[in-house]
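Given next, in structure tokens, is a single chain: the form predicted alone.
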Amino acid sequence: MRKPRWFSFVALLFVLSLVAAACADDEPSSTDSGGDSPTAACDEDEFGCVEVAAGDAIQLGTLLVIVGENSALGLDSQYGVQIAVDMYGDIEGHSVELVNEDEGCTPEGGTTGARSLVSNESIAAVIGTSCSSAGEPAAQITSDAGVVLISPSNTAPSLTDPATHQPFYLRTAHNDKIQGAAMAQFVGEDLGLKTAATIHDGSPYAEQLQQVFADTFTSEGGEITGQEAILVGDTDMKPALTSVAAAKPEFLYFPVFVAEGGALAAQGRETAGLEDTKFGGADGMLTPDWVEAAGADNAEGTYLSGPDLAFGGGFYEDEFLPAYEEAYGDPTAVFHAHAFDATTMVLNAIKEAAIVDGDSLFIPRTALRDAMFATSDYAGITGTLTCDENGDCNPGATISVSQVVDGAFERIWP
């Protein structure tokens, strides 16, 4: 029997539908992605996607100073990152694991570590760096690769200055425009001193911080009697100390790191003209390692500025700090909470930006960056965090001053 023409047409449609269904099986499913196609989203993103296969962990990089004389600073943050990962748990069935690199608190270390991390296409984002000197080259490298870099302890103003900010860089640490001004206020108003000198080590952190201090101090009626520089790695501080001692300043501010800060304190106590001078440093020295490097007698009485650790709320005291102390002992520096907040922000942003495709996960890199910069009114340990367009996420950061009393740091201001 001859079949009617409409039968042939329907049969053709049936065959075509089977072919279409077979082709669809070759495309990634988007049934769990809220309608977004992973392939389309990844193709549209300038930097593509991080692909996390079924059963694989989401990888986060860390780029901190975890070896050497400044390791107390970086390890303190490293522990904060790990606690955040442990407390956060899985994201869409995927665990989170860390890939750790050391930045050595140097530009060279920041460059090498950043290149290593961005060469790993599985790294979704990086927590780092510890030091601004490592942060400047690292921010350039990670931004060029479309990898989010968020720092718990970079404080140099240049890193979030509109003229020099890199587009994938953020930080939960304070901006040293805040710290330098606060220290100047403390010295001028609370200590009642009228003259001060500074010594820096040429790093972005130290040089920029002492300049903010100097500018604020003079704007409020004080006098800067000298500004000297040493080099990272110097051990003989006498030339710089002798130079600033000539004017017999009432205060000497040297916001450097452990080894150089220890040598400045020790040799400064022996320098003629500085017998009555009060000494001050900053958060790069806010660690027991610095007291040891200086010697307890030489460190005694020194004033150190840094982030205010008088955190509000019970989570820090009741949950975070006990977890830290159980795993790692007493905190070794002052940025562990900033690292916890930075990591949790990244994990929240991954959860928001990721496209779920069956048991796999696709994280568009630009969407992840945008989710980070969209962070607003996030209730972190360190305060309410809102990221601006230049990557400063802690606009309400407050600075405190501690003094070394009997070999320990005693918070005295405000």
Partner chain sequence: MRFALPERWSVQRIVKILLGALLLFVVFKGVSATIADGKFTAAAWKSLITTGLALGSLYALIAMGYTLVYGILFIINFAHGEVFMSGAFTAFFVARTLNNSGFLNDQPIISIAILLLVSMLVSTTIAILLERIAYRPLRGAPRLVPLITAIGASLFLQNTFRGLYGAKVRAYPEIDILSGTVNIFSFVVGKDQLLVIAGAALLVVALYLFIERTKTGRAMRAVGEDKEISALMGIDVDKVIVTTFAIGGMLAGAAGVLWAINFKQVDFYMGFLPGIKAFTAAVLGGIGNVVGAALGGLILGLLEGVAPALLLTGYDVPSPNQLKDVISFSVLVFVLIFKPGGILGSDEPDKV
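Remember, predicted model here, so these are calculated numbers, not experimental data. Residue numbers count along the first chain shown, from 1.
Absent from the display: the form predicted in complex with its partner chain. The rest refers to it.
S.K.: Work out which of 123, 259, 191, 96 lies within 4.5 Å of its partner chain in the model of the complex, going by heavy atoms.
M.R.: The residue from 123, 259, 191, 96 that makes the contact is 259.
S.K.: Which residue, 310, 87, 323, 229, is the contact with its partner chain in the model of the complex, using a 4.5 Å heavy atom cutoff?
M.R.: Of the candidates 310, 87, 323, 229, 229 is the one lying within 4.5 Å of its partner chain in the model of the complex.
S.K.: Looking at 215 to 223, 267 to 275, 78 to 86, 138 to 146, which lies within 4.5 angstroms of its partner chain in the model of the complex, counting heavy atoms?
M.R.: The contacting stretch is 267 to 275.
S.K.: Examine residue 357 and determine whether its closest non-hydrogen atom to its partner chain in the model of the complex is within 4.5 angstroms.
M.R.: No - in the model of the complex, heavy atoms of residue 357 and its partner chain never come within 4.5 Å of each other.
S.K.: Going by a heavy atom distance of 4.5 Å, is residue 293 a contact of its partner chain in the model of the complex?
M.R.: Close contact exists here: in the model of the complex, residue 293 approaches its partner chain to within 4.5 Å, heavy atoms only.
S.K.: In the model of the complex, does residue 69 come within 4.5 Å of its partner chain, counting heavy atoms only?
M.R.: Taking the distances in the model of the complex, the answer for residue 69 is yes, it comes within 4.5 Å of its partner chain.
S.K.: Against its partner chain in the model of the complex, would residue 158 count as a contact residue? Criterion: heavy atoms within 4.5 Å.
M.R.: So residue 158 does not count as contacting its partner chain.
S.K.: Counting only heavy atoms, which residues in 192 to 208 are within 4.5 Å of its partner chain in the model of the complex?
M.R.: 200, 201, 202 sit within 4.5 Å of the partner.
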